[in-house]
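Next up: a single chain in structure tokens, the form predicted alone.
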Amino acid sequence: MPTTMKAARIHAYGEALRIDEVPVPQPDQGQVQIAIVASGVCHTDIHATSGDMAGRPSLPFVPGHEIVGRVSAVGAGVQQIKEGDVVGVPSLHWACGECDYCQAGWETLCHSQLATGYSVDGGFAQFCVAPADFVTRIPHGVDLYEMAPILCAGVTTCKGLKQTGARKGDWVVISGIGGLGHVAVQYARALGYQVAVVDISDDKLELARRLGAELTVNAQLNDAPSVIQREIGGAHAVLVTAAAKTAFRAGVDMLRRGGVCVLCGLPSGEFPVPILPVVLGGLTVTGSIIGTRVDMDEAIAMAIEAGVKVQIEKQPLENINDIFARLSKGEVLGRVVLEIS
């Protein structure tokens, strides 16, 4: 077992990450140590390293919250996980289990929660540690690189779609076909929805059509809400995964009466909500943040059963700053996954 490892760390908000040589973390009681195989790169990682998220962690820290690897050591008291097991480490690193939110099945709202790759060091490294109770087992035989993004993009969109309350046959709009959106299209199809897609990239819209979208709208060339209202009479539900504020107001405007707009994207700032249409149309606008451990297991099982395939691009850890630059410009088609091991 090595005593040091490579890790991409942020030392100052808004600056480039550095590849450092740091000690390999050791598992405390109740924790496991994971030799990381694959680590997905999410747009939220950019927010984390830019310092525009609440509760800034102490610097330096290791980002990354889509982690798949093999258990390389177990701490005292761990019985349910053993060395050699393949596990995933999700964004929800830990929650207290005792507060009102946790007791009601909403551990993602726990005020005491810790976030992987933010509150604690994450997956842009060769090893990490995590509570054994919060890692998830990865079924045998799956592609570990394709599975890594399911731990964030998968569970986030699967949970968000279910939160819309849409029924089979309903029209659901996926706004933004990035790392989350192209996965959301596949989950929406698996759930039996009719799927429309909005983006500003023809390449991403073509990807959405290949994945089963029945209607696509280029929002740079068309007024997307007008097209959605004209073509399908408005959406029963909209899932906004885009990182652009304009997509949030447009998401509300695409709804039919009684529709639900669920927000998953995380741009900074605010967006206007029109009072009269929301009130008179009985619209619902709500947020959805990742998912619980139960949601995680459901998202993984559905991905395997329905054949949800994440379009991945493998890159080495050393390319992380170039990856961030491309992601910020919307130049990544699908998801970049770091080849750690």
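All residue numbers refer to positions in the sequence shown, first residue = 1. Being a predicted model, the structure only gives us computed values, none of them experimental.
From this point on, the text means the form predicted in complex with ligand NAD, which you will not see here.
The closest heavy atom approach of Thr44 to ligand NAD in the model of the complex falls within 4.5 Å. Although the partner is absent here, Thr246 sits close enough that one of its heavy atoms falls within 4.5 Å of ligand NAD in the model of the complex. Of the heavy atoms in His236, none are within 4.5 Å of ligand NAD in the model of the complex. Using a 4.5 angstroms threshold between heavy atoms, Met302 stays clear of ligand NAD in the model of the complex.
With respect to ligand NAD in the model of the complex, the three residues Ala35, His93 and Met147 uniformly fall beyond 4.5 angstroms at the level of their nearest heavy atom. Segments offered: 80-88, 170-178, 128-136, 112-120. Contacting ligand NAD in the model of the complex at heavy atom distances within 4.5 Å is 170-178. For the candidate set Ala219, Leu161, Val71, Ala213, a heavy atom within 4.5 Å of ligand NAD in the model of the complex is found for exactly one residue, namely Ala219. Note on the partner interface in the model of the complex: the residue among Val227, Val142, Cys99, Leu266 having a heavy atom within 4.5 angstroms of ligand NAD is Leu266. Taking a 4.5 Å heavy atom cutoff to ligand NAD in the model of the complex, the contacting residues in 189-227 are Val198, Asp199, Ile200, Lys204, Ala219.
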